[in-house]
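Presented below, as structure tokens, is a lone chain in the form predicted on its own.
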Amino acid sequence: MDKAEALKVLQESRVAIDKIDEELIYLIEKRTSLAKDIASAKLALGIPIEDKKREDYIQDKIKKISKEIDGDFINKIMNILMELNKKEQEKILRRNTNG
């Protein structure tokens, strides 16, 4: 690959990554917005926010889906997303409890 081709590949790849970053943020926001529904359902069912069985299921599912990314990194990402969702649920439940 010559320099001109390398620069073109670099620029196109960066543009593609920027688009993927936007999509990732949108999907994370969409995933987090479901916390309201989940919190309301858990409140009605009288179950706690923390659901270790569900978290284990998600981790196992992600390990099976992820083919090209190191499992430890995927687990860290999913832990962050699950923690974000739990925090959002806690916020929603506090609002409902405090009026």
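Note that residue numbering begins at 1 and tracks the sequence as displayed. These numbers were taken from a predicted model, which means no experiment stands behind them.
Here the subject shifts to the form predicted in complex with a small molecule, a form of this protein not shown in this document.
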field: Heavy atom within 4.5 Å of the small molecule in the predicted bound form - residue from I58, I74, L43, I28
entry: I58
query: According to a 4.5 angstroms non-hydrogen atom cut-off, is D37 in contact with the small molecule in the predicted bound form?
result: no
query: Does any heavy atom of K63 come within 4.5 Å of a heavy atom of the small molecule in the predicted bound form?
result: no
Close approach of V9 to the small molecule in the predicted bound form, 4.5 Å, heavy atom: no
